[in-house]
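Next up: a single chain in structure tokens, the form predicted alone.
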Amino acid sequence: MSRLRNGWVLPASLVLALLLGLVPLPGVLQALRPYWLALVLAYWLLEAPHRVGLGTAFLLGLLADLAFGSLLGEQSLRLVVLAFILERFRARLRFFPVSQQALTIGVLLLNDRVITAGIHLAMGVPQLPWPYWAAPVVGMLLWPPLHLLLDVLRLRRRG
């Protein structure tokens, strides 16, 4: 059973993840930007599956498409695929050590890049440059501190 003491952390973290995706970065760092929405959504799918699911992933993706100006439905598809895989293997992943979870998240983020490349190929949109394929590694490295931070915020007692 998941313990969710601070109900505000879930919506606040998703909004913050959306905003982090909008923060302008210098050109060199732009390619290394982690997919914050996927990272935060992955955390909540693992820790509070009764509060988030495929519908949340779809709606969050639509919101991200509107906010980022990307192809309508692209991020929804990407997040729904991620959510489906995480829900399917949640029972195993939840009890992995954080280091193994980070590796798994890295593979899922790499899968996300493959889906993005497939969508761009199908739509005739120019492909992402090679440095964008390094972003899953950054996401994988950010998973342990992000997991710890969200755990602390989610489980912290009031008063």
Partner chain sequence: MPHAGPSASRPGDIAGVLRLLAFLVLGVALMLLDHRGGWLRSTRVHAEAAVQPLWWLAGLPSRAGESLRENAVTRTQLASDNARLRQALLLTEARNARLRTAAAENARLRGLLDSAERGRLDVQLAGVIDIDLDPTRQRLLLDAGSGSGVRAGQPVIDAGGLMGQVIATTPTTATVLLLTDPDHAVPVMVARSGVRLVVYGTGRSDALRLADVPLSADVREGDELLTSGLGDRFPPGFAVGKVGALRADDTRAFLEADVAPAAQLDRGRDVLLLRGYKPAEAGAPAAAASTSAASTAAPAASAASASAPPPASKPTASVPPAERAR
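Being a predicted model, the structure only gives us computed values, none of them experimental. Positions refer to the first chain, counted from 1.
Keep in mind that the form predicted together with the partner chain is not shown, yet the notes after this line are about it.
Checking Leu32, Leu110, Ile119, Leu128 for any heavy atom within 4.5 Å of the partner chain in the model of the complex turns up a single hit: Ile119. In the model of the complex, Leu18 approaches the partner chain with a heavy atom inside 4.5 Å. Of the heavy atoms in Leu103, none are within 4.5 Å of the partner chain in the model of the complex. Among residues of the shown chain, Val98 is not one whose heavy atoms approach the partner chain to within 4.5 Å in the model of the complex.
With a 4.5 Å cutoff on heavy atoms, Arg92 counts as touching the partner chain in the model of the complex.
The partner is not shown here, but in the model of the complex the stretch 16 to 36 reaches within 4.5 angstroms of the partner chain through a heavy atom at Leu18, Leu19, Leu22, Val23, Pro24.
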